[in-house]
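In structure tokens, the next block holds one chain alone, the form predicted alone.
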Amino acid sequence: MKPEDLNVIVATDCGSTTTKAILIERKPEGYRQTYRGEAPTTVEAPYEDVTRGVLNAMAELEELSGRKILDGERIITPARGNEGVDVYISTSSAGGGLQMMVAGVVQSMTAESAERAALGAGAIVMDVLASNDNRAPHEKIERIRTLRPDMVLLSGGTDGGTVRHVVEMAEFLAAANPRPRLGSSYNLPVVYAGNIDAREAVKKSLGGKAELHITENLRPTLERENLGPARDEIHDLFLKHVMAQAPGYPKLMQWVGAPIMPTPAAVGNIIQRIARSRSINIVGVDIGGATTDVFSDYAIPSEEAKTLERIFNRSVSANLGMSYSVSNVLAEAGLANILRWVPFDIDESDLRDRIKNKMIRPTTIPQTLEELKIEQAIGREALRLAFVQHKRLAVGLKGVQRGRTISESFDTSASGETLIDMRTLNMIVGSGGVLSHAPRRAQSAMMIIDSFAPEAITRLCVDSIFMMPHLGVLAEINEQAATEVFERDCLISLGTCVSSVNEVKAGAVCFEYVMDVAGAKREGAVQAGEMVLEPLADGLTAKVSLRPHRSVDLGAGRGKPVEAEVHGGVVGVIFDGRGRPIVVPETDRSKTVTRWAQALGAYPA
């Protein structure tokens, strides 16, 4: 069907535990998300058929909307009156999603580019192999055999360069002779995206041991990345092999009107489209029970510095989550870092026990206000650590961005500069249970600010009911519908955060502000170490004039005034005088954190 003929759309996201279905309808004002249903995912025993969960979620949609969608186990298409839908689309991360290994010659160059390509395609990267990763050949072979990925991305070498090292990596793969995680009747798919001169040698090494797919080199020169062809090939193989082997997916693939997308790839797709349609820099995060995904889309100067080039990155923190991985957050962040965000006095052993109880019973939700505060403290550290990992991955090309020599490019200790510049970040979008389902939106705003520490002027938003995956796959067939639903029903504006970009000594005035809302002016001062909230309703904008202390930088330089437009939201405009990095004092810790939260109305007084 033509995009303009799509009036009624059903989209599902088949998650690891829950299948979520939404109904999107064209109204006089445009496309709107009208109803939502969900049901347990049925990819495991005793059902072992993902379509059962899809049908159950759609049955709930039928009950809520009054629209007849199903005729037995058949989706009625096209829509006529109050019956049927025009198209059905879906995303999936059921059965563990897409799990990959990537391999390259130099860890900090082609292996890093391969990791970015796989992550951008929606994969969980299980391991990164490289010729210079200090592992012995037998260790690499054993690692490949043990992990049993869904597919492998092999890269290495610039076009016309040496072929020895990339062929060596192919020989390791052949020696390991790995079997795919799902299905035993076919060879493991391997995508080769390396030096074109090594293609024949790689074919010879992997012949009969793997199903080899050759695409364009993802690092044709030191100065350029070409990730698109490898990402497209990974996505095609995901549909043909991984999805085809999962229980019930062959049937599901016959139902959909567009290719099924991995859930993270769909989220990344809508983030990219919004960033580029608005010409803004965005960071998005999806925090789940087992993993946390971070996405960024940034405009940076091109090599000639005459135009801006947009760069998209995604990272997966596979050990940071709010239920199954909650103990990993404790281990990686440390008890002290979690404790600093708890706004009441608690014994360290008590806090540790509560976190371990969450690990034992991962599907429980907080029953008391104290439990909620502890969970949100853990959420801050999970988000902070995931963002730190993302910034390490979202870097410029080695040996290029900073004018290094080629020898420096091979130095694994020399990391490229991160592309994430908090001063130029325009918007942060949060998603996932701890953010989307917080009882008060001010709590979501506090978690985002405390974990991401935005600088200068940054808009804060959350996904209302986690529908970004549905909209990411919808954007492939009707970008207008996806954009309209994203704007009207998905994105909830929390407001704008205005904060200094440097450390500030406590006690003095950090900055003064004048806020002009349709001619009505409000004035105030923000003390160093404090937060101030000015209400500004969603849909409204205001002009702010900021006069910082001579040592305070609000984005234009120390002591320089700033004038800007800020967006309102369900929380408002937040003036943050705590400086960067945010330091929680050890003395009166609980009182200080409580004072900050109450300044925004996050918790009851």
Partner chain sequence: MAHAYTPGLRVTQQATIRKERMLPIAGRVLVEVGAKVQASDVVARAELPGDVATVNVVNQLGIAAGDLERFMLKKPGDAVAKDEVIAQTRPMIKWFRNVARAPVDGSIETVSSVTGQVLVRTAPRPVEVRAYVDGVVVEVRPGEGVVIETTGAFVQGILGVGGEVAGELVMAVDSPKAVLTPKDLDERFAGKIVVAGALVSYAVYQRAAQVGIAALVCGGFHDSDLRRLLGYDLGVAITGHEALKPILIMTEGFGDIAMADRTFSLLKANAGRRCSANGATQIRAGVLRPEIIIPAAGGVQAARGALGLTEGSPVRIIRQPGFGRLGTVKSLPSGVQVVESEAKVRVIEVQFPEGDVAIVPRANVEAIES
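The structure presented is a predicted model; accordingly, all values stated were derived computationally and were not measured. Positions refer to the first chain, counted from 1.
Another form exists, predicted in complex with its partner chain; not displayed. Remarks below refer to it.
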Report yes if any heavy atom of K358 sits within 4.5 Å of a heavy atom of its partner chain in the predicted complex; otherwise report no. yes
Taking its partner chain as it sits in the predicted complex, is T146 near enough to touch it, meaning that at least one heavy atom pair lies within 4.5 angstroms? no
Interface membership of I365, its partner chain in the predicted complex, 4.5 Å heavy atom rule: yes
Check P604 for me: does it contact its partner chain in the predicted complex (non-hydrogen atoms, 4.5 angstroms)? yes
Candidate stretches 258-266, 425-433, 468-476, 158-166, one within 4.5 Å of its partner chain in the predicted complex by heavy atom: 158-166
Residue within 4.5 Å of its partner chain in the predicted complex by heavy atom, from K240, R522, R179, R488, is R179
Would you kindly say which of T483, S131, N319, S493 lies with a heavy atom within 4.5 Å of its partner chain in the predicted complex? N319
For the spot marked by L70, F312 and V514, is every residue within 4.5 Å of its partner chain in the predicted complex through some heavy atom? no
Partner contacts for 318-346, taking its partner chain in the predicted complex and a 4.5 Å heavy atom cut-off: A318, N319, Y324, S325, S327, N328, L330, A331
